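Listed next as structure tokens: two forms of one protein chain, kept apart as structure 1 and structure 2.
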Structure 1
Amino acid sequence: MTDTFVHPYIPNTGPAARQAMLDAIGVGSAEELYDAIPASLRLNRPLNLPEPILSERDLKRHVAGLLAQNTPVTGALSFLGGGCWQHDIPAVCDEINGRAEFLTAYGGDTYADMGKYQAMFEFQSMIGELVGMEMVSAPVYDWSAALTSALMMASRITGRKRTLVTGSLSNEKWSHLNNTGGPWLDPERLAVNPQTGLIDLDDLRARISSDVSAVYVEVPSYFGVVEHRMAEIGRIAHDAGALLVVGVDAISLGVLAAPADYGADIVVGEAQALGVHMLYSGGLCGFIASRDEAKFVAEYPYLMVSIAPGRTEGEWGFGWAAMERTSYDLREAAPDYTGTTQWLWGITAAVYLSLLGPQGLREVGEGILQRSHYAMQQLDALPGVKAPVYDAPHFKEFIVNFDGTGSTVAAINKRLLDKGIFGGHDLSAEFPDLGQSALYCVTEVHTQSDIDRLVAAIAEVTA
């Protein structure tokens, strides 16, 4: 690439335009802009990049070829989950989130985005109803981000660093918790009962102490297990002065109790299941919720939209709440960082929840329970296959063990994909103690014939 090259798509790449910009800032060349970087850290040679594709037609063909190498979940029968799930998406969700005033829903001025702010307030209100809490943040990047920030909140509220988290926490969340919260938290994994997949209460009682800030439990867990002793876990945490932080898959709350009902202090979770498509590293929608108490509200790192009556009776306004606690105001002195938020997916989740209502959400949850338990029963009847691995209630996801078949999950999944089926998420590297096990996800999108097709395919590839 020469200094005389003019890119057809990128503005101001011509030599005259570049020289004018350099003259405006008083430097002779672009290289001078990097003088502050030590020579030992600089590459000192051009990057080894292919020649640019300058034809729009050729570029489109190249990108289409790259995309064609992928098989989306819509191009196969998928039983993948583990944090991003395939659910039914009502057409109205895409219709509304595709409107221009929402599609650019990143942030903005209070007086210019009244409709956007009202939509976000509705998201917060409906999530609050689901979890039984009064305060809900605007959506954050994902469940992992919400979890780390919530446990940092708990540490600041209690003045303690030790944090006890469920042993079934996914490696993704565990990595985020240690990388982002490491300077402020000392997280420890609790033991999991090998028969039930539930938290080992004896281990919890042995390790809880006056220096523990919070106990974190997921309902359902990463393994799909529903912890049914939450009230007791909450008492153990509270007796030691620790907070109970609960993680939820929002769509499960149509059939499972609200976390506030069994003593949760802070709730985090994922709302991707509420009308949001599975996307490439996107489409996730985490949230934080708590009681409307000053000690909690003061520690929220994320934005919140509030409502206030207008001068004219019957009119209402929407805008930021307690903005002074965020990094937008505190900047480098902030205890946590308010980064990119997922407003568009929060608005989508609000559309989904308002469309289904409480009864509709319950029907979805019941349908998921029926389908997933049918799948477990059918898979468990296959020679060498155990489903589920844990003797406990499950919602949507469950672990299938293939040790008795003599095949690895990787080999089974490869053969399944040859038949147009995405098998379960391979857990053999993430949780080696589970042997050759995979996490399977069954939702309302799966029919009985879909499940029967999976069972028949597994029977064939493991024979």
Structure 2
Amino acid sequence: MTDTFVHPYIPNTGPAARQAMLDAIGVGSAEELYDAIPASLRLNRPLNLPEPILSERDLKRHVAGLLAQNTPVTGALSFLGGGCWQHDIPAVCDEINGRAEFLTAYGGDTYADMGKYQAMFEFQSMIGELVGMEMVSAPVYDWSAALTSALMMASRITGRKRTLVTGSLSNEKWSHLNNTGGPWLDPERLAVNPQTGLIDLDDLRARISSDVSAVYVEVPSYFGVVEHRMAEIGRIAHDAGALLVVGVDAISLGVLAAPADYGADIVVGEAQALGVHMLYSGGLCGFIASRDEAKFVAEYPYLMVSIAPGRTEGEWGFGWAAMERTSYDLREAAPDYTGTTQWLWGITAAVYLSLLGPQGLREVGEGILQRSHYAMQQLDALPGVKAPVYDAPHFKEFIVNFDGTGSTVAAINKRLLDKGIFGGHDLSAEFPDLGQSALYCVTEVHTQSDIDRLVAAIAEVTA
């Protein structure tokens, strides 16, 4: 390293401090500190990387210039969902997750990071209130990972491998489940009624048996459908000794029932909708919840924050509970793994739920119901367009079919894009049986004029 290279991010590149440190260690140069690496393994040339941009102004101009080639959903009109959603984000959420203390903390314990733990305990507690459960994990990577881990937990709890999952599962989740769960589970997809999009209960009854570990249903489903026979599905599962595992979009739980109330044994879900930016999918944040029973807790692979009484009267603190069940302690004996997940978004979700409270969460849910149903009504009135495809209750998302227009979703979306509209996600490859169909997402960010603009644009491009 040259003596003159002083980097603004790196103290001790200044020559005075550097020399004093080398003297204290007793070496002549930093190069001597690499004597443990055999010469044959050393890279004897500089890395071939772009010239550094040392000025912050120049760096910002370069990177922001690249980002300017992107069009964010806030610079267009988007109806994309499918597991990552555009919602309104209160300023306080961004303020808190931008706080340097939360942003740059990591593995310290309650004595150093008391506030981080309390915020996380509050996240777990509020998710517990939403789903009706006492046991909630710290954030999981995303809903896919939560689902896979929960079904692996169910398999270990019941000692069974066959797993029945809803046929409306997204390919994203199905792929994750089969890769990670591959050696441990035999997942099967349940038939979905082609008229209603609901679970085919006859198919469920035909498949359920004493070798099934769990039945997994999403409320709402990937198609936005609200399965309303959950109590019956739970009874069918429980009669066979299987667990009922339910997947939820957390923002629906101001208007939808708590899964514990209809018999869920394990609840998984996604918290991104709770005040977290989509970040090209970087905003996802999963969770797992259950009853507080030792046989369930023992199978959680993820970190969990527990409250603990203080030794001083009136105090309490926190810690990572029962670490001996995690891959950190178990190494090769671990049945599943964990690591650094999505805590900053868990803290953000806690802020969001604290701001909204019970009333706000209900109002958001109702507003989403009204807007999405209005969009369905308006789209369904267009010639050749059917919305929703399924005759069932829906929340936030719904499938629009364009077979009657003679156009493909790809062609329609291309022309919508020309008008600054991101049309719904094309399902024609993922679910070919649905023909030319797209998954539309309508949330509280959409106004009547937004929806009317979409409807007029589709009318125009399909005319």
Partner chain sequence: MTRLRNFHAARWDEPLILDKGTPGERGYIPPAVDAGIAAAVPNPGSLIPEEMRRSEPPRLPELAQPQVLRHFLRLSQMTLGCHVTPDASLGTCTMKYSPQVNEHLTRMPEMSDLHPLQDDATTQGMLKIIYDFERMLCEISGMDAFTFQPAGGSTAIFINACIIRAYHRDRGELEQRNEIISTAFSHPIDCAAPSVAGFRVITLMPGPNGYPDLDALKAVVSERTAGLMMTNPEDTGIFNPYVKEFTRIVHEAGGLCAYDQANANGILGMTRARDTGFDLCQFNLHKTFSVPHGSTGGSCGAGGCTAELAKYLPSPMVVFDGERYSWDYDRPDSVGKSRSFHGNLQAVLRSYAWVMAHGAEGLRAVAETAVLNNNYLKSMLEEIPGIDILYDSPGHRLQEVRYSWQPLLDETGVNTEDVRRRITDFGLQGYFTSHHPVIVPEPMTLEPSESWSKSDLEEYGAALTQIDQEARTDPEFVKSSPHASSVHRIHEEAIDSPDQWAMTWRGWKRKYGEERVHSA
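The term rigid core refers to the maximal set of C-alpha atoms that superpose within 1.5 Å between the two forms. It should be emphasised that the depicted structure is a prediction, and the values quoted were computed from it without experimental measurement. By convention here, residues take numbers in order along the sequence of structure 1, the first being 1.
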Revision key, fill the gap. Between structures 1 and 2, the form predicted alone corresponds to structure 1
**Study point:** S55: Cα shift of 2 Å or greater between the two structures (core-aligned)
**Key:** yes
**Study point:** T447: Cα shift of 2 Å or greater between the two structures (core-aligned)
**Key:** no
Review point. Does L67 show a Cα shift reaching 2 Å between the two structures after rigid-core superposition?
Key: yes
